[in-house]
Each structure stands twice: as structure tokens, then as C-alpha cells.
Ligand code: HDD
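In C-alpha cells, one chain follows: the form predicted on its own.
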Amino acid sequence: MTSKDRQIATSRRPFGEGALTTDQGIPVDDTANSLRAGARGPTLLEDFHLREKLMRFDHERIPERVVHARGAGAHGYFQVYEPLDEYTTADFLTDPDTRTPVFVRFSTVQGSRGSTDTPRDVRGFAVKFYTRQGNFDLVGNNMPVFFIQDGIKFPDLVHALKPEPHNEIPQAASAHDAFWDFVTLQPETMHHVIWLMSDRALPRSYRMMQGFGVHTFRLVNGHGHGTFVKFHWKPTLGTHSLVFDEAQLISGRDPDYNRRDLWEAIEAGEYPSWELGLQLIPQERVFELDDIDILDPTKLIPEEVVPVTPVGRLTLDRNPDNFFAETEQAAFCVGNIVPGIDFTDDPLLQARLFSYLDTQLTRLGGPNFTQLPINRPLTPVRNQQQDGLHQDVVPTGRANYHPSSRGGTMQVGPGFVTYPEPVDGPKERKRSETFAEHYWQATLFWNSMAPWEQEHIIAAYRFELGKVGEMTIRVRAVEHLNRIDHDLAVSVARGIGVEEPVKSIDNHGRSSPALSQEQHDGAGSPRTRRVAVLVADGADARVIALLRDACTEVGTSVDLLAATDGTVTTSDGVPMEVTRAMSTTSSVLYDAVVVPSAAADLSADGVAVHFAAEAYKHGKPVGAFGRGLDVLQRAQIPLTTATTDPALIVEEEFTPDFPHTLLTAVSAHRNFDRDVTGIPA
């Protein structure tokens, strides 16, 4: 039967267009009852629908990713601002009129598919560009450096980071002996570990998270000239993080917090976007970069040394239609590059070129995973590769080899040309001496942090190392910190029961302001932020409407929360519907809390008081006016600090300036300089 015959036969099938069928297209008359010998008799083995349905269920899981198992994804597009022909022949970087389709997957590293979204962890930021020259996968993270310098150590790192083998504990956490034993025996990890202890490991949202290609790649132009490049993604909503206590609470309140946030923003038409920036390093400048080997993935190039040039924008505007078919089956391979982009000799990158392709064979059942819709390039695929598991196309012709005189011969070239970099040297298992220093960039990061960021880093080290049972590991960790910064080491030692170290090395004093999130907060926006307004009987409907309208106008959503679900009675005696009861949600799921005036005494409601106190403790904007001030006083929030705290907005009565002041504070994200001593937990 020809393909045309099949189409005709299908169009004439005698059952309805939406009929339930088996995988063979056979219509099903009952999918709620197995075939039995009598209503109370045994189930019959001949029930092909039962057998097929159970078989499909039994085999519907595929192996999860070894790392980056927990993730979320979305479709969108990338568009370059101006042609970059001077540097590359990559089509998507040279044609400003082209919107290149993309699929982006965000992820955590440590946890299983069923783990929570908000642990202290690195986040994956993988972008698949469906270009007119084939697929390009930029598989990066939200931190610009990595733990190790050579991919041969990657299995050891992941084994140490994952739950310990004897009891599969802890899940999605680095606060355990195995991880800290490994990193304290591998000094090259120290730079990435201090990033992991910072708030960068706790993003507020995937939409408010930077991304980095980590490795140095090479751009190649039409004349064959190469330029080294590092890729940066900068979110247009600003770079923002949670605090650790908040992240832990969110894990219990909403384990899908980041996944839900991304999905709901896109569904609401609030399309997240990032600007692509390039650090371009001429080949002749490579050895002019002080103390930096561009092939070392544990080092970054400070923006003060090589600026980041904005070149294009990534926008995500469509959620997947099916999570498994798209997000779970998306196969990112570091080796997927297009003409105009090439690799470097970074030893971690070289190992990833093997590992990423290799892992897809197990996860997706064989070599034809590129035929899955989410992985399929937009360009035609023409080669002699055939057969294998899950071959979905039907190759035609008699020649499955090249060259051939029997028809179907394919033209070879012009196409991808590897950059002709000269290579010479003895075969040896040896690391370059330029990779040997492991502390100065960790010190650079520490020096670049705002005081509140440094406080959070100290608290993170104390928490993580406080979970370590073996005291010798704690001591080793403090010894490493002492080589980063003496005061940091002393502060951590005091919190974990380790003797304070003697100062051995002076801090070099260098810093890079671009590394601090405080530098990024100013670029924030109130769009897509969430404000909780606590209401009770006697609330002024007009004031609530003014506040809500002002927030909605700039893309900030408002939830009205009351003691119980349903309605409250306004000061006009009219029922006003509330979003939900306070007891069913939490302040950690909101970006700001407002307590307006109401006749009912909310200060007697412990849930309302806790709502305000918790938000204040986490540095969030907190506002109140009229009798709402009683709630803040009951929460022991010092109202007198409002003159110096831009995120504490208090008024005796509502004024037209209140919404603007609130939204300005929301745009700034948090006031981490706030003294929260004495605020009840």
C-alpha cells in the first residue's frame, strides 16, 4: 500500500474523528473495564487493549539526566542587533532581520526530577538555537565559572555532590561530608564554591537570572580569522535572588516555585527576555590578561579587563505543549556548533564534547534522538546514516554509503571548517602551570560583594559546614578560606567550632563591581512582581482599587488575602471578593506585603502579624497605613526606621504617593541593609 493509499483509507474510516484508538489505530469501545470471562470471572490474556495500555504505562519513564534532572523549558526566539560579520560567519549572529527560533531549558544540578526548585545550587541555562545552518547549543550555567579544570574529574565531583551512596541522603543539597571532603581536597574548586555560597545560588526566578557559557569559545569570520569569546546572558528584569531562609520555606510551600513562575509569566504575556553579551578577546591579547588563562574554566575575565558588548536579545514567548515530549526529551549537546563558531582547548569543554552526546544514547534510546521534534534542526538532514533504534524517517535509494554512482550522492562542502589551530606537544597527563593558582579570583569575588552579600556568604558557609560531621573536613575548609580572606575565615570558624586561623596571606584588594548583585538590582522592574495586600472587614474599597490599579498598570499583580476565603465587607457595606485565605499561602511567595487600614483589628490575627514580620525579615518592601500600622507594631517592626529604610513605607493615612513609593521599592527588590535583629521568626 502506497502512502497515498494509506491517506485515502484513513479518510474513510468508519468511526468518529475524535474516537479513542489503540496505538494501531483500532477504535476502543471501553477503556474502563478489562475483558473478562463473565462479570466476576478472570481477566483474559487476549485483551490487547489492556496489555498495550499497561505496557505503555510500564515503559513511559526514561532515565533522568544524571545532573540537571530537575528543569523547566520554553520556546522563543533570538535576534541580533547588528551584523557581527567582522567576527563570525554564524548566520544567526550576522542577520538582524532574522528571528532565530530557540528552546531554552533551565535546571538545578544536584537534585532528582522530583526535587524542589529552590535549593542552594547552580542553575543550568541551556539554549538551543535552530539556525539556518543547523542547531547550535549553548549549554551554560548561571555562574561564569565551574568547579573543576579537567573533565576527567567530573564523575568524582558529581558523585561527591549527589546524595551519599549508603543512604541516598541528602537530596538536592551540598551540605554534607562527601561534597566538602571532595572540594577541600581540590583547591581548584574554591572559586566556584564561594559563588555557590553566595545568593547567586538562590535565584528569585529563572527570569531574573544571569547566564554564562562558562568556557571560552572561538568565533571565526569569513577570512578564517579567529576571535576568542565568552557568552553572557543578562536578564532585562534585573538579577535578583532569594535569601536562604526564604528559599527553604518556599521548598515546603511551593516546590515548583521557579517552574510555575516561568510558566505563568509566559501564559500572562509577560515574556521574559535576556540580552546576549560577548566578551571578545583578540588572539594576540590572550597572553596579556594578567593571571588569567582563558582555557581555565575556574577563572572569569573581569568586565573591567574585557567589557561585555551587548549584541542581541533572547525572548521566550511560548510554553511547551507537552513537558515530556519537549522539555524532558530536549537533548543539548555542547558539540552542536555551526560554521563561524568553534571550540578551544579548554580541557573541561573537551570532555563535555564526548559526555553530552554519549548520555543521549542511554536517555533517549539510541542514535536517532535528533529526529525527535524538539531536537530536529530546521535545516534538511541529508546523510548516509541509517537504521538504529527509533528510526522515524524512511530513507529511500539503494546507496547508504559515500561516494556512490548509484544515485543519491550528496555534495560535500562548503560547510563547517574547523579552525586550523596549530597543535604540537608531547603526549602527557599534565596540567598547564597557568592553571595552578586557585585563590585570587575567589578573593576577587569576595572583595566585590556588598556587605550584606558578604554576610549571606558567611551564613551559608556556617550552615553548610555546620552539617559536616567530620571535624577534619571543617578545619580544611577554614584553611582554604584563610587563603581567600582572613576575616572571612575567622567569621566562619567562629560559627562552626573550629579554631580561628592565624593570618597567613594578605588580601590583594582587587575587586570587580559587576560581580555584585547590588550592581544589577538598580536595573530591576516591578513587572511580574507579586504584592500581598492583607484585608479585613471595613477596608476602604476605593483605596484598595487605587492601589491595585497602580500596580496593574506597571505589570505587578495584587492578591487580596484575608483571614478566611470568600469575601470581606468594605467600609461601604459592600462584599469584596478576596483572592485566598492567608493561611493557605505565605509571605515567601510574594515580593511585598501591604497592610491597609480596616475596621477589623488585623493586629489580633497572628497569621497577619507573621506575614508582615517574615516579609520584613527577608528584606522585602512592607507598607502600611492607618490601622494597618498596628500590625507592623505588633510584628515588632521599628516604624521609626522608615525615614532611612526605602522598603518600609508607612503613612498615617493613605496618600496618592503610596503606590509609587511601594512600586519603587519593589523594583529595587530588597533592602538587605535592614537590621532585622529582634524580629520574631
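These numbers come from a predicted model, not from an experiment. We number the residues from 1 along the sequence you see.
Below, we refer to the form predicted in complex with the ligand, which is not included among the displayed structures.
Looking at the ligand in the model of the complex, residues 141, 332 and 348 each place a heavy atom within 4.5 Å of it. Proximity of residue 162 to the ligand in the model of the complex: non-hydrogen atoms within 4.5 Å are absent; the residue sits far from the partner.
Residue contact check for residue 125: one or more of its heavy atoms lie within 4.5 Å of the ligand in the model of the complex. Among residues of the shown chain, residue 241 is not one whose heavy atoms approach the ligand to within 4.5 Å in the model of the complex.
The ligand in the model of the complex comes within 4.5 Å of no heavy atom belonging to residue 571.
Residues with any non-hydrogen atom within 4.5 angstroms of the ligand in the model of the complex fall in just one of 302-310, 556-564, 446-454, 101-109: 101-109. Note on the partner interface in the model of the complex: the residue among 53, 627, 617, 68 having a heavy atom within 4.5 angstroms of the ligand is 68. This chain appears without its partner; in the model of the complex, the one residue of 363, 260, 318, 132 with a heavy atom within 4.5 Å of the ligand is 363. Interface residues of 214-248, taken as those with a heavy atom within 4.5 Å of the ligand in the model of the complex (partner not displayed): 214, 215, in sequence order.
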